[in-house]
Each structure stands twice: as C-alpha cells, then as structure tokens.
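Below you will find one chain, with nothing else, as structure tokens; this is the form predicted on its own, and questions on how it binds or moves follow later.
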C-alpha cells in the first residue's frame, strides 16, 4: 500500500479525493517540487523547499498552514512507504473556489498534496555499456515564466510524446536558435575540458541539481561558465549532459537521429562528476 499526505491527513493514495473546483485541477493554478530520497533520507531538502517557496511567492499562492511542518510530514511519509529510495512529489494549489473564475476568491485555503513513488536509480552510475540518451530538438513552446515550477506542463508532455513516438527519449528546447533546457532537465556542454550551461533566466527552471552540479565542478577545480548556448554548439561539444533530481547526471549520445562523438565513460567528465555526486 502506498501512502500520501493530503490536507493534514496521511491516507492510502487511492483514498485521496480532490475537489473538481480545486484551482489546480481547473486552471493548473498550482506549483510543485520533486525531492529525491536516498536510503530514506531526502537529498538537498532545504534547497528544494527554498525553490518551492519562491514558486509560491512568484505566483502569490499562500503557504499552506502545514508549511513549517513539511520536513516532519515528508519524513513520516518516507517511513510509511517502504522503498529505500523514493521520489517525493509535493504540490500546492491556490485552493478550492466556490465558483470557477479566473480571479480567485479572497482567503481561500491552499491545497497541499504530497505523494511518494519508488525512485529508480540512475543506470549510468555503474553501467559502462549503456548508450547515452537519444534526444530530439524542438522549438520551445512553453510560457515565458519557466523559472516557476508550475504544474502547467502540457507543452512539455506534448513535446515528450512527439519525441518518444519518433524514437527519442527526451527533448532539448531552443528559442531563436538559443538552447534553453530539456523538457524536464537542465543541460551542460563540454568544450576543450571546460563546462558550460545556459545562464539563469525566466526561460529555464534553475534546477536544484543544476546548482549542485555547478558546485561539484568548482570543488573539482573544473572550469564552469554560464553563457548562451546555440543549436550549432550542440554538434560541436565534446560531451552533453542532462541533469535533474531524478536523472542526476546522464549523457546524450544522439540528437535528431544524428550520432554524437561520445567519449568512453572512463575518459568522460560526466562520469567523474557523477562519481562525486554519489560521494
């Protein structure tokens, strides 16, 4: 049995009942966060909660009254669910309105929903013979506030479905020839031993794992720079990685069915950084 947390109550996830008048259901008027859990311990918990707080502030959604107890709630949810490694999904909507209206009623109570699922460990941790991810390039169709981790993910879903139907596993978005990020990940490129990633802006979600990887690179005395990356750079790079809370660090081996020259894991920077990520 899998347990969830819904508005002050722990219960089997099958018993969760969300009102059809909830603004998260009607409008996607909600934000969320995904927190990986390794060996029953949430990873980079404070950083994820800070980003969730920022998403609430940017959307002017109130914090739920259980806000100060989130760490305790998530800890108990992790214990209730048996998996050693889990992925915690926390969503906060603006709440339930009496009537469907674009303008919310005053003083409605936000809806808090937290669930857990098994976390499949990154296969690139120890498998040296796995081919890198195949991705497709797509023009970025999303709204201009991708820095907010909102549940309005239909453009991402459409893009990923198109990618999978064409034989790819993921998507890299671009705007005006400038690379932004993946459908659910950030991107890093390696040129002549230096690592680059697109700068923070409203066009990308500043990933918690992205920031952690940047810090790891600095700890390893590797050069990391934030700069604009163009589509043509993708085919010149020595390595391309995608990073996220559930992917960790994974290399790209093919873009739009064009094979990239991929370094062996023993010589690749991504492997070195991934090993330090685990440590």
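Residue numbers count along the first chain shown, from 1. From a predicted model like this one, the values you see are computed outputs, not experimental measurements.
The form predicted together with a small molecule is left out here; the points below concern that form.
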**Study point:** Contact test in the predicted bound form: residue 111 vs the small molecule, heavy atoms, 4.5 Å
**Key:** no
Check your understanding: Can residue 134 be called a contact residue for the small molecule in the predicted bound form at 4.5 Å between heavy atoms?
Key -> no
Check your understanding: Can any non-hydrogen atom of residue 45 be found within 4.5 angstroms of the small molecule in the predicted bound form?
Key -> no
Check your understanding: Quick one: does residue 172 come within 4.5 Å of the small molecule in the predicted bound form, counting heavy atoms only?
Key -> no
**Study point:** Candidate from 189, 163, 183, 96 lying within 4.5 Å of the small molecule in the predicted bound form - any heavy atom
**Key:** 183
Review point. Residues in which of 80 to 88, 175 to 183, 99 to 107, 125 to 133 have heavy atoms within 4.5 Å of the small molecule in the predicted bound form?
Key: 175 to 183
**Study point:** Heavy atom of each of 27, 53 and 145 within 4.5 Å of the small molecule in the predicted bound form
**Key:** no
